[in-house]
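In the form predicted alone, a lone chain appears below as structure tokens.
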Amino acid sequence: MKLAIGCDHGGFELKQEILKHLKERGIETTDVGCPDSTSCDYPVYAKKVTELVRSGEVDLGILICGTGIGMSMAANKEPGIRAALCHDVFSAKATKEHNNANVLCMGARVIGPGPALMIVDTFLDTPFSEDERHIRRISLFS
């Protein structure tokens, strides 16, 4: 599995925690930035992650900002992106099973690193259900 991860200044510290965790899991990761906690524009990093997902260079993406809201809004502007804002394990599991989400968005000011890592693991480890009803519903997105 290949993964792209990006953040704005509000998500920088949590991104670092997640990168460490993904490395421990042996997951190949492309970090598109931001490089530090200096104020920056989240849509820039959402675009970088979604471009990698859309091109097939990576399988999934993770985006982090202060609330996760801005990142999810920016990511979902891109065709073919199904970004889900998740702040709990149930939502991460459900969005992969039912929506086949390809980008996970989180808010660093909303959740701490412990829950965030559990959400990441759930998102990465949950397969799409392949149920006809879910496939039909996803096809209505485009």
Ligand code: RB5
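Residues carry their position along the shown sequence, with the first being 1. All of these numbers come straight from a predicted model, not from anything done at the bench.
Keep in mind that the form predicted together with D-ribose (RB5) is not shown, yet the notes after this line are about it.
Asks: Any of the heavy atoms of residue 134 lying within 4.5 Å of D-ribose (RB5) in the model of the complex?
Replies: No - in the model of the complex, heavy atoms of residue 134 and D-ribose (RB5) never come within 4.5 Å of each other.
Asks: Does at least one non-hydrogen atom of residue 9 fall within 4.5 angstroms of D-ribose (RB5) in the model of the complex?
Replies: Yes, contact at 4.5 Å.
Asks: Does the 4.5 Å heavy atom contact test between residue 49 and D-ribose (RB5) in the model of the complex come out positive?
Replies: Residue 49: no, not in contact with D-ribose (RB5) in the model of the complex.
Asks: How about residue 77 - does it come within 4.5 Å of D-ribose (RB5) in the model of the complex, if we only consider non-hydrogen atoms?
Replies: Residue-level check for residue 77: no, no contact with D-ribose (RB5).
Asks: Looking at 85 to 93, 50 to 58, 65 to 73, 29 to 37, which lies within 4.5 angstroms of D-ribose (RB5) in the model of the complex, counting heavy atoms?
Replies: It is the stretch 65 to 73.
Asks: So which bits of 105 to 124 sit within 4.5 Å of D-ribose (RB5) in the model of the complex, heavy atoms only?
Replies: Just 109.
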